[in-house]
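Only one chain comes next, encoded as structure tokens, the form predicted on its own.
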Amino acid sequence: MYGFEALTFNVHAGYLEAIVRGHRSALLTAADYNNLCQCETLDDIKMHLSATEYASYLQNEPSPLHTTTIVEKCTLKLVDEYKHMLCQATEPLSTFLEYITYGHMIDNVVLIVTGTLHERDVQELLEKCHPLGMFDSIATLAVAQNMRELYRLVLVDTPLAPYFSECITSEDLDDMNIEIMRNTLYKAYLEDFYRFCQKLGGATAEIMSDLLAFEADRRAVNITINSIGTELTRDDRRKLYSSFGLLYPYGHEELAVCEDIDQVRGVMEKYPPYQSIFAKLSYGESQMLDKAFYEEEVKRLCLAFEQQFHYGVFFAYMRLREQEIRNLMWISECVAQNQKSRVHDSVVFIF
């Protein structure tokens, strides 16, 4: 079907593609971020955002504002836009849009289970969950003692059920097992999403393959760095890598035996698309790696809008809006804590 999307795409998805491209044009620009970085208080940030599409979500918030309020309201805008698109979508776009939220579901499950392990209040944990990843039985996650119970009592009726086949064990839940569970679920989710996009074919398959491969490679690097110096064996580490991406399979074999950040760097510099990311870092440094990956991701997401008649724009828009919310959270935190000298450290400009 490649090359023929233009014939039939607009029948079902033309309206929504127009909507999402309209939303994209409302993302904050570099000029907006420069103005926000000059703000002295959170009320100044609110005043600047009142000239953007966030205005209606923040206008009734009383002073003094908190960072959590700004982030919450900006996220609410994203959720409203997502729900509108999901209501209007027909198959297979509706399934594609649902796939976008599964990552948030996994994060919410891990958040609740970890919080329960440390005896945190369930209601307090639910408030911290991402609204795009909520499902009906999420509150009952707190009763599970091991992976098997977690699946049998709660997750069997959720979209995450198929991803649990690899991590159902009778071991008790502890911090290490929960982190392994998160990465095993993410691996299964990314592979499933990748297969679904390949099945759709055409420009969607081409663009989403690139975006998901980048996500898989980034997770492989993060898993490697985070597991250095832990009891995770090389084989266990290898099992957590996704079975696609630019690094698959030879890069994964090399990453599995890395013992420090410089060895990871040596592996990644063999792959031209990732050379520029590691060129920004000093040797032995990993603190700025997240920002370098986010900047590369934003470039790739913006490129998705250069082509028409594909579903990749929906994924790209959601990710760009999430990055914008991360930027606003960082700026708000810096302003609230009077750390304006660090305000540019984690802001990733989108346009």
Partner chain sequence: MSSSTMVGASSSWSRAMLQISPYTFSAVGIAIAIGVSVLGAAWGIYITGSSLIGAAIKAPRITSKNLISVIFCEAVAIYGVIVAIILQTKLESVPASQIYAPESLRAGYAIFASGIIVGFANLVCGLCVGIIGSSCALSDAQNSSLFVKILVIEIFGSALGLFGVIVGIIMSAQATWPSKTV
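Positions refer to the first chain, counted from 1. Computed from a predicted model, the values in this text were never measured in an experiment.
Keep in mind that the form predicted together with its partner chain is not shown, yet the notes after this line are about it.
Partner contacts here mean any heavy atom within 4.5 Å of its partner chain in the predicted bound form, and among 41 to 49, 306 to 314, 58 to 66, 290 to 298 they occur only in 306 to 314. Using a 4.5 Å cutoff between non-hydrogen atoms, residue 21 counts as a contact of its partner chain in the predicted bound form. Residue contact check for residue 337: none of its heavy atoms lie within 4.5 Å of its partner chain in the predicted bound form. When its partner chain is considered in the predicted bound form, residue 322 lies well away from it, no heavy atom lying within 4.5 Å. Interface membership of residue 341, defined by any non-hydrogen atom within 4.5 Å of its partner chain in the predicted bound form, is ruled out.
Residues of 49 to 71 that come within 4.5 Å of its partner chain in the predicted bound form, judged by any heavy atom, reduce to 53 alone.
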